[in-house]
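Shown below, as structure tokens, is a lone chain in the form predicted alone; questions about how it binds or moves come after it.
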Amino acid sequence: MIVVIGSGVAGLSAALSLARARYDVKVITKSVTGGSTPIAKGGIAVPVGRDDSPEIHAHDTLKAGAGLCDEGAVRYFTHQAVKVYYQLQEMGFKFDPELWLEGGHSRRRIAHRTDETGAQLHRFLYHRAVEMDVKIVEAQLISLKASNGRVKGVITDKGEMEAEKVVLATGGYNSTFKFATSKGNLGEGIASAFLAGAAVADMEFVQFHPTVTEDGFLMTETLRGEGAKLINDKGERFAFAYDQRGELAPRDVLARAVYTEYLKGNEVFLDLSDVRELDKRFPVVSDYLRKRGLGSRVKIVTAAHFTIGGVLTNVKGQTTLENLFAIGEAADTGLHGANRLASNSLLEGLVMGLNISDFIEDDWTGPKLNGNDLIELEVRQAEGLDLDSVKEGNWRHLGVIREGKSLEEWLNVLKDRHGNAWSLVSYLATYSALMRRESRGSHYRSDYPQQDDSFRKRFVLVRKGSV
């Protein structure tokens, strides 16, 4: 049996791929609502426009990744994007005809279904899985069963289960921050893999979304591609002061710009007055505005949105533990580098999920560790911090703008209190952030505000004694 843990876009597409290839597959999920997939508003980055190509898409991805992308992974995913785009349509999923533009992209390449692509895609994949009699069980992952460098099954709150292969599709850890775009992503899969001996990487890179309402509604990036403007309460359009691309700058730049405006004592708004046919083209946003009696100017803040770091994998999803795959946001393939290009996340999950049946029987090669800084960390068997304390601490010390003394203070708290998943992933992220004495992509250090070529490397962490 193959066990898939998680029911977002990565997990469901993997289950479908394996079921269609006639493997015995079971999905274990703590919630069938699909984690962060349903909140993905924009779409899937696919280079299918007449003026576009996988090479141009790769160039944009590498530029956003700030020198830390794995170029082989980037070229793999941008070429696979076209295949996945047509495969989904052959399965019956219908995209809107217009391609959208998002920040960091030099071409219109965002394939979407209205302005709730993630929700529409999740419903589609879930119903397809049910139609194919894929077994979906609600249970909480406790740990992985592993020995001698090989995973043999899983332990959940409902018992143990043997498995020939385990596929982690458990998402990231953005919900360990006080302000976040999702509620249930606490890093359980990443923590379980690390404890079992798998390598994790790039844990310091957390992407903050620049346009989230105070009650947590995600104002899709595409709005800025279609004419929405960022203004402060003085009426100033400030984005160009931070980057010549203005509202079309990558998320890391705009998140810091919005955050800095608040540090100056200004409030920030998204002005939608120039967005063409808002009601027709963005029905979910329009419905949100109507229900709350809001006009065309909406107050926004930054929030933790996507965690680039995760279980180190190759593009097949193979980890450093035999028989353990990781896909989607739980994985770190090197596609995103130091900063994810918008709408490459659904793409990554779909490519890894839909292709997994092609690789499930391959010889186990695992990701290459050469060229990276390999660090062994000791894990102490101690009580973990409560979730609210971690959320407060992460936002204060590991947020949009970081500083060495603050990171060290938080690390000293976590090093003796990481006995649960959210405390452990926070410990790993804080350790890596303190080690990276530079600013690169989504990681910004006020005490090291410049990019430093001596840190053009990835930090790979393993549990002490597992190498």
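Note that residue numbering follows the sequence shown and begins at 1. Quantities reported herein were computed from a predicted structural model and do not represent experimental measurements.
FYI, the form predicted together with a small molecule isn't displayed, but the following is about it.
Looking at the small molecule in the predicted bound form, residues 65, 200 and 460 place no heavy atom within 4.5 Å of it. With the partner left out here, the small molecule still marks one of 73-81, 376-384, 336-344, 285-293 in the predicted bound form; by a 4.5 Å heavy atom cut-off that stretch is 336-344. For residue 30, a non-hydrogen atom is located within 4.5 Å of the small molecule in the predicted bound form, even though that partner is not displayed. Residue contact check for residue 257: none of its heavy atoms lie within 4.5 Å of the small molecule in the predicted bound form. The closest non-hydrogen atom of residue 41 lies within 4.5 Å of the small molecule in the predicted bound form. Using a 4.5 angstroms limit between non-hydrogen atoms, residue 171 touches the small molecule in the predicted bound form.
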